[in-house]
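Shown next as C-alpha cells: one chain only, the form predicted alone.
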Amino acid sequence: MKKFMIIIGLLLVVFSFASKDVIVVGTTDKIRTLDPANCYDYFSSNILQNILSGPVDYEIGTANIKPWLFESWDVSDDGLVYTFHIRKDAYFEDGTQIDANVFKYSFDRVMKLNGDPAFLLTDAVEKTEVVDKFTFRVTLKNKYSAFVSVLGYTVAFPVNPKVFPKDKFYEGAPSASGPYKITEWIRDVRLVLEENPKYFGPKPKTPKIIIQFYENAQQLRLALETGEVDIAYRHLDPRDILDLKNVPGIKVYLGPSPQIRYLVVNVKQKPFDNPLVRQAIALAVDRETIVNDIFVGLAKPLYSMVPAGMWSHEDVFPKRDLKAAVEILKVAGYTKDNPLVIDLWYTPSHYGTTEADVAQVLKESLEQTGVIKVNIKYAEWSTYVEYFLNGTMGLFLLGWYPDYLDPDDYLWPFLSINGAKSLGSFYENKNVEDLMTAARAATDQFSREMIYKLVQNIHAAEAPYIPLWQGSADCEAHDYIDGIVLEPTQIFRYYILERK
C-alpha cells in the first residue's frame, strides 16, 4: 500500500511540475511530531515555522528579532515580569482568534505535558496570566536576558485549543496560523502545504509546496537531476554537493552555520560514569579525518559546544592525543590486557547517509589507542530518541540546531539538569547551573561572556558531551528557483520560494 501511495505521489509531483504555483522539495529527513509541546528536532520544527506564527520572528536573512504575534512588550524594572501585547488580526485556519487565553493555554500546556523542549519554558517561567483579551503576562523565576529570543522557537508558538488537547500530545496536523496550512500528510512519503487564507501576513510567493521524502541521498540526488524535485534540502552526501556545482541547470547554495555535531555521554551509565573514561574518549576522537575525508572540507573541527563565530566561544577541548588518552585509561584501570569495551550508537538516516561513516571513523580512532574496543550499534530515529531519553544508550551521536541565537542555547540545554535529561546525558552539576543562571541574569555581554567561558572549561573537564564538528548550511536547486536564503537562524522559509 505504501509503495502504491509513493507512485501516486510521484505522479502528482510530475503533473504539478508544469505549474508555476507549485514547488517540489525533496528531503531524506523525517518529521517526528508537529506538536510544539513535544517537537525538538530540526526538520519538524522547521515545518512548524512555516505553518504556525510565533510570538516573535527574525528579519529574513538576519539574527535580528522582530515583533510578530506580540506587537510589543514591557519589562518590569526587576526584569522578572514581561507583559506582551498581542496583535488583533491573527487567527487559526478554522477562524479561532489568537488572544491571551490561547497563549496561556499553549504555554501552560507545554509546561504541564513536559515534553522534550518543555524545559526551555519550565526552567524560566514562574507563572502566566491573562491580563485582558490581548494582553498576556509572564513572570520569570529569575532574570533572563535572552528570554525574548526563546520566544522565537516553536515551543512558544501558540496552538489552537480546539485541536490540541490539554492533557496529551497531539499527533495530527496542526491548525495553521502561518503562511501555509497542511492539506495532506502521509508520514515519510509526502507533505503538502497550501496557502493559508486566514494568515495575517504576506501571501506565500508560491501557493503550494510539496515535500517528498526519500530513503537516502542517492535517491534524492537522482530526483533532483531528473527534475522530479525542484529543490533538495537535507541531506545530500558531501561529495554529491561538490559534484552538483558542475551540473548545468543546478545551483548549489552553501553558507556558514551554527549547527554542531557531538557525542553524548550518559554519565549515569557504566563505564561512562567515570570522568576519566570520558576524558580519554575526548582525547582519542579524530575530528580531522571526519571533516576532511567524510565531509570533504564542508565542515570544521569543533572544540566547544558553543559554535565558532559566536561570542564567548573558546576552544576548550584538547586536540587529539592518543598517548595522553592511553595514560588516562591506565589510571582508570584499562590496559591492552584489560580493554575498555563500549557501544557506540548512531542513527542511519536522520543526519544523512554519512552517519555510518562517521561512526566507523570514531570506532577506528578510539581503537587506535589499543585499549578501547568499540561495538557499533544503530537505531532508526524514533527508536533512537526513545533510547536516549530512557537512558538505554551510553555513547551516541547527536546534532544541534539553534533554538535561539545565543550562547545560552548551546550551554543551558546541555548542562542544566532538565536539559541534560532531554538529551540523554543525565549530567548534573548545581554549580554549573548556578553559573548559567547568573549569566542569564547579567545584562552586559562582557559579564555573560566571562561566565560562559568558565562554564565551557568546566564542561571540557567533565565531558558529558564531546564536540566533534561544526557543519555548513547547504541547499541544491534548479536554477529557475528563487528565494532560497540560508539564514543564520537556520530557518528555511518555504513561503519565500518562487519560480523565476
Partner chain sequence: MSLKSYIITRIILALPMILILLVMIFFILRIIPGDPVLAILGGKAPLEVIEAKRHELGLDKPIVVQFFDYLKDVAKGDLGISTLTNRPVWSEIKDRFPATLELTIFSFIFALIIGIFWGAEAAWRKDKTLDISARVYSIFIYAVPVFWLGLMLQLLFGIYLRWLPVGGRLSPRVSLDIKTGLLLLDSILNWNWEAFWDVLKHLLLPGITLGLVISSIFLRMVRNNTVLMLSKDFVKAAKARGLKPKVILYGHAVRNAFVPIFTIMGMQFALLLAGAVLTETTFSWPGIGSYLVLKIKYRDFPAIQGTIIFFAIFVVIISIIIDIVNALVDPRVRY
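Numbering follows the first chain given and starts at 1. Given the structure is predicted, the values throughout are model-derived calculations rather than measurements.
The form predicted together with the partner chain exists for this protein as well; it is not shown, and the discussion that follows is about that form.
Taking the partner from the other structure, the partner chain in the model of the complex has no heavy atom within 4.5 Å of any heavy atom of residue 246. Within this chain, residue 58 is remote from the site of the partner chain in the model of the complex, having no heavy atom within 4.5 Å. With a 4.5 Å cutoff on heavy atoms, residue 214 counts as touching the partner chain in the model of the complex.
Shown alone here, residue 493 lies farther than 4.5 Å from the partner chain in the model of the complex, counting heavy atoms only. Here the marked residues 187, 230 and 400 all reach the partner chain in the model of the complex, each with a heavy atom within 4.5 angstroms. Screening 103-111, 366-374, 386-394, 128-136 for residues having heavy atoms within 4.5 Å of the partner chain in the model of the complex returns a single hit, 386-394. Among the residues 93, 225, 99, 355, the one placing a heavy atom within 4.5 Å of the partner chain in the model of the complex is 225. Checked against the partner chain in the model of the complex, the residues 171, 293, 89, 343 give one hit for a heavy atom within 4.5 Å, which is 171.
Looking at 341-370, the one residue that comes within 4.5 Å of the partner chain in the model of the complex, counting any heavy atom, is 349.
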